[in-house]
Structure formats: C-alpha cells, structure tokens
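First, one chain by itself: the form predicted on its own, in structure tokens.
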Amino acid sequence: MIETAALGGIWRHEFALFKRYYLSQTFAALVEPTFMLLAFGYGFGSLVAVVGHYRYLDFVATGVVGVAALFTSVFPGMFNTYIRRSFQHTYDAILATPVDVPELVAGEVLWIAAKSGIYSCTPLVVAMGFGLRPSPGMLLVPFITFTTALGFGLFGMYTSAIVPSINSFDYVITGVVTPLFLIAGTFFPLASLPAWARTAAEFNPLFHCVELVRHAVFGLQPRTDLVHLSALLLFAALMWLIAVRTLRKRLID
C-alpha cells in the first residue's frame, strides 16, 4: 500500500527544493526545446517545406514535445536520484521516517512527471506563435507527456541504481537516450528509414509519445492511439517494477 501521507511528505520536500532552483530549471526546460524547434523548424524548414500532410515546422514542433518529455524526465531521474542516494544520503533520511521504497519511488517519479508534463508543452506554445493552429486535442498533450515521463523517469531512477559511478551515465546517454529520439519520428518520418529501424521504433516509447502528440494536435485516431497509449502504460509499469526492486536492493541493507 502506498499511503498518501508519505507521498505528500515527499512532494513537500520536492517543492521546498524547487522553490530554490525553479528559475534555472524552468529556463533550461523552456529555452532548450524552443531553440531546437527554431533551429530545426526554420533551418531544415527552409529546405523541406512539407512532410506528409504537415508543415515541417508543425511536424517538428509535435516531435520536440516528445523530446522535451524525455529530457525533462530521464535526466532528473538519473542524476537527482544518484546524487541524493550516493552523495547527499537524502534517501537514507527519508527511509528513516515512515516511508518505504515504493512510496519514495512513487513520490519522486510523480513529481518528475508532473513537471515534465507541463514543461513539455512549451514547443506547442512557441509553434502556435509561428502559425500552428490550436485544436481541442492539444488539451490531451500534458496527459500524454505525463504518462511518457513516468516511464522515462523510472528508467532514469533504475539506471541510477546500477551504474558504478556518476560518470557512467555517459554510456546511458550516448547508447540509449540519443538513439531513442533519433528513431522516434521526431525530426523526420520513419518511412524513409530501413525496415529494421522502423521495427525498432515500435519498441521505442518515445515513438509512441510522438505519435500520440501528433494525433492529439492534428486529429485523433482512436484505434491506433489506444495501441500507442497501451505501449506507454506498459513501459511505465515495467519500469516501475524494475526501478522499485533495484532501488530497494541499493537502499536497504
């Protein structure tokens, strides 16, 4: 059982920290995807005007939403968790209270996902300033990115428990995170890739996030979207089991 009082205590701790660094974190979370959108949307957009049925700027804007959800969840999951466990021993102090490991993991990842769900909408706001038409489906985007961030936040927490040092995150970033957003249909359609890459994309949670965001913005496809949503929920559930089990081994003697 996960008690709401334990989750509330963890969130109060996170909010107290957030009040100290929210300016720098918000700046990075908002400006980085905006620069990416402008660079790719207007850089490549001057060469490629249309992709499929979309303006290239609109195509990239919906893709960058997924990238923002990835970056604003997996990096806090990795680095914050590792630092608090290994250097600051924050988790030792929390577990000395009536909080267990599942409650700790749940509180941390829900906070990460809540922030990511909000920050990830920035590219859409910027794109609307450059001609993207608002649609009612955009109201679903924060929920899509929240679900995506749950899985990637838990993935980051899991990797923080298995790497031997903080420098080992370079392997994860280069070998896992970078390929994820390169074969997710973010900056170019997957139809142009080899068959093996298109098959690999089906197992990429970020691909399912990007597809859901595009459909929410340009028109929902209920049957297909149900498959994408199921893939994200399955990924989050799997990472929950792995993250809780691995962190319990590292935190409990």
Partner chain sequence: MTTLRPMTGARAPGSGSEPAISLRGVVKRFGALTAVAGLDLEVPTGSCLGLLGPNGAGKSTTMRLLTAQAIPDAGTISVLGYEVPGQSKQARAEMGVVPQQDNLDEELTARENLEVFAQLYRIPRRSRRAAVDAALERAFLTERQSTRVDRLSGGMRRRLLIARGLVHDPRLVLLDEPTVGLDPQVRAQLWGLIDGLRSAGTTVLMSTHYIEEAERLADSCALMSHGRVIASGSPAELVAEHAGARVTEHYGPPARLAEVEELARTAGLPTRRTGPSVSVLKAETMPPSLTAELGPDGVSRAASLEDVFVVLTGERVE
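Positions refer to the first chain, counted from 1. From a predicted model like this one, the values you see are computed outputs, not experimental measurements.
A second form of this protein, the form predicted in complex with the partner chain, is not displayed here; the remarks below concern that form.
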Since only the chain is shown here, I'm wondering whether residue 96 would be in contact with the partner chain in the model of the complex (any heavy atom pair within 4.5 Å). yes
Taking any heavy atom pair closer than or equal to 4.5 Å as contact, tell me whether residue 89 reaches the partner chain in the model of the complex. yes
Tell me, yes or no, whether residue 23 is in contact with the partner chain in the model of the complex, where a contact means a heavy atom of each within 4.5 Å. no
Under a 4.5 Å heavy atom criterion, is residue 234 part of the interface with the partner chain in the model of the complex? no
Which of 96-104, 154-162, 121-129, 141-149 has heavy atoms within 4.5 Å of the partner chain in the model of the complex? 96-104
Site test, 189, 195 and 198 vs the partner chain in the model of the complex, non-hydrogen atom cutoff 4.5 Å: no
If you apply a 4.5 angstroms heavy atom cut-off, which residues in 13-29 are near the partner chain in the model of the complex? 13, 16, 17, 19, 20
